[in-house]
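Just the one chain here, laid out as structure tokens, in the form predicted alone.
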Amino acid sequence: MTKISSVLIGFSIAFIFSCSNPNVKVSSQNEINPRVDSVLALMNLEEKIGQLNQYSLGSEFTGPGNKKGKDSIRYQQLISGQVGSVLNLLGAENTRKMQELVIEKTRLGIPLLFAYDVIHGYQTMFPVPLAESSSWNLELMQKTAKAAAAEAAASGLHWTFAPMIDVTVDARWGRVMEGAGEDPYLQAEIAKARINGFQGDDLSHNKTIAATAKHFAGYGYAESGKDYNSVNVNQYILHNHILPPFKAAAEANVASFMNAFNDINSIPATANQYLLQDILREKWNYGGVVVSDWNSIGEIVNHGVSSDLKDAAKKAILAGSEIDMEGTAYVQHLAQLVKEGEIEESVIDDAVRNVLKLKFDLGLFDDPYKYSDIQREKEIVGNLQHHELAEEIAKESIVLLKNENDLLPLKNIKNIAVIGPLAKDKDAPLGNWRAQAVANSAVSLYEGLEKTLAESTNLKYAEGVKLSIGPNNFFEELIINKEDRSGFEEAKQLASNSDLVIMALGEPAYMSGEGRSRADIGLPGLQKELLKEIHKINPNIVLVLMNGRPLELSWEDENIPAIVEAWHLGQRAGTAIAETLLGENNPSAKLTMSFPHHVGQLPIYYNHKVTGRPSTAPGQVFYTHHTDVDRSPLYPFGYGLSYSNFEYGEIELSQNSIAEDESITASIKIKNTSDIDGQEVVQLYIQDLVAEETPMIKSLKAFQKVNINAGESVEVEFIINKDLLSYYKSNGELSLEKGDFKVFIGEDSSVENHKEFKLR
């Protein structure tokens, strides 16, 4: 076959499939499946395996150039159809060049998939996902994912490795910043919102990208919060805490699943047939792509269940891991495994079908270059509307943790000192996993205050202490300052001459995220020491925290009158924080992870099991607790204050018992007793009082975020049916058991206001 005829085959595939019915959406599986099979029939074994091979490649691969060693090998694989998807190649121009290279050089001209970690924005940075989840605003979270998808797609990308939907219960784990906290129900609702935002209702649209549900499964339960560590959980926790968000993602037609790095109950997730075959494929009937995490197939060897990469490739493909990200296991060994009869070629075919289906869904066989539009890239990436959306969601993500004597919002204060290493920091608010954010492009807190405060206010600044002494990037270990106190005196002098001190403290951007586990989750470095010194001089302090995880704040809570959890809020962080401090924005966010009194409480989460030794009375010794710290969290799941005051009435039930096919309406009146309009997240929890397997103390089952005008009341209603009363038994089967239940409605997970009813 000549070079020209090879190219023609590639173009004819695209032409035939696009012209067969141009009015049918690419997402129609009835149309796509025959096309997929037609392409598959043209492929040889090496080309099939190539579709399962993903490399991280740069722009240097878009032309022949001078390539040596590994680069030369990968270039040859690229132009011979042995690479199916590419990670980390960015920009409309670069992606078009590489797509042209593959379409023109390979025998069949099958287009590449371009993938990237678009976690909380592409260039425009929205709040880190844990912060966004605190807004409890599903509509806004869908909008931010939609905006991120539009920017990414305009830059030539087809596929994001987000959202992370791992339920996370240990704040020591750095990747808590990347998810939505400790509750499986809320995590599932947010997963659906973000998936719908990324994918829209037509994956072939040039402003949508394929989403990924990750990490499947159990990654957020890593022992002692250490990244990549082992996971040991019982089947009840697996089915009731870990899996529900992933099931919701599958039902939302998420385009792909990603394996977890960890082993789970002694089997690496990437080679776990129970997860990938029994649950994902058979029980949930999932038809999308499964991709490994970075070299997680190769790491099967490190886990000690394979002796070499060849055996790891065999275990992974048979388990159902379809794309090998940066592991080289498949491209090196799958063909030989087929020839030796260790695996059937039909196993390869099934995996390739899913990859090809995704490419058809994205419309790449109709137009391989549709996403690589330089003009659209200029118009969409980092545009003003996206920055305004970033500010809107940032305002709804700020959690007011403490506000003693209504110190906030600030009123008529003449002299304000702004102290702390994060006060003028324009980079930390961008957070980790920042994709293509422009370094130092965020609005700093100090800039926000300058813009928002009245001109008559005297605003002064002192850094106080340096937080880190380098480096501060994704790839290197951060070095925290633990010795240099040279800025203390200037800060103390400024505090002594001020009416109020705003302390801007927390974590730099790269202190949370992948690989950033911490044994001590207090304020890092010398920050707490500085805070204590300032407190001795001027206790009139507003503490503004910028961080990517819950922190241990026992001393701060006891001594500082006002505490604002501002997270890493993204592009317009400073504006959002300043307007909140000044009362132009009324905080409405609620925590989605519990904050501990002490790190020794971790992991800590509200929906724990009941025990045989609960507390029965004050002064008891022999019950479940630590003797030296309160057993409750410092700030519980669902907690967050407002400048408004909300008064909850009694719960009213439409009836006191129901049959399986009936429902109960639970209603409650909530009054805003203040003179400030506000929003409240009304939360409904249910407890099964007696079950065949030990139940949880309570579980979030529904919520509503409602606006309540000053002095007015609203009535909120929830429908309780069998879906809210069922749970998964340890065998994975859904169970609905007759008996007594409690329904709680209140402002956070510590709510005691409840009514009882019976399922008969």
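Everything numeric here is computed off the predicted structure, so don't read it as measured data. Note that residue numbering begins at 1 and tracks the sequence as displayed.
As for the form predicted together with ligand NOJ, it is not shown, yet the points below apply to it.
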Checklist outcome for this item: Of Trp433, Phe126, Tyr330, Phe246, the only residue with a heavy atom within 4.5 Å of ligand NOJ in the predicted bound form is Trp433
Checklist entry - Within 4.5 Å of ligand NOJ in the predicted bound form, heavy atoms considered, which of Ala210, Ala666, Leu356, Met258? => result Met258
Checklist outcome for this item: Testing 201-209, 642-650, 292-300, 503-511 against ligand NOJ in the predicted bound form with a 4.5 Å heavy atom criterion leaves exactly one stretch, namely 292-300
Checklist entry - Should Leu87 be classed as touching ligand NOJ in the predicted bound form when contacts are defined as heavy atoms within 4.5 Å? => result yes
Next on the checklist: Although the partner isn't part of this model, could you tell me whether Lys214 comes within 4.5 Å of ligand NOJ in the predicted bound form, counting any heavy atom of the residue?
Outcome noted: yes
Item to check | Contact test in the predicted bound form: His386 vs ligand NOJ, heavy atoms, 4.5 Å | outcome: no
Next on the checklist: When the contact criterion is heavy atoms within 4.5 Å, does Asp117 count as touching ligand NOJ in the predicted bound form?
Outcome noted: yes
Item to check | Sequence-ordered residues of 143-168 touching ligand NOJ in the predicted bound form, heavy atom within 4.5 Å | outcome: Phe161
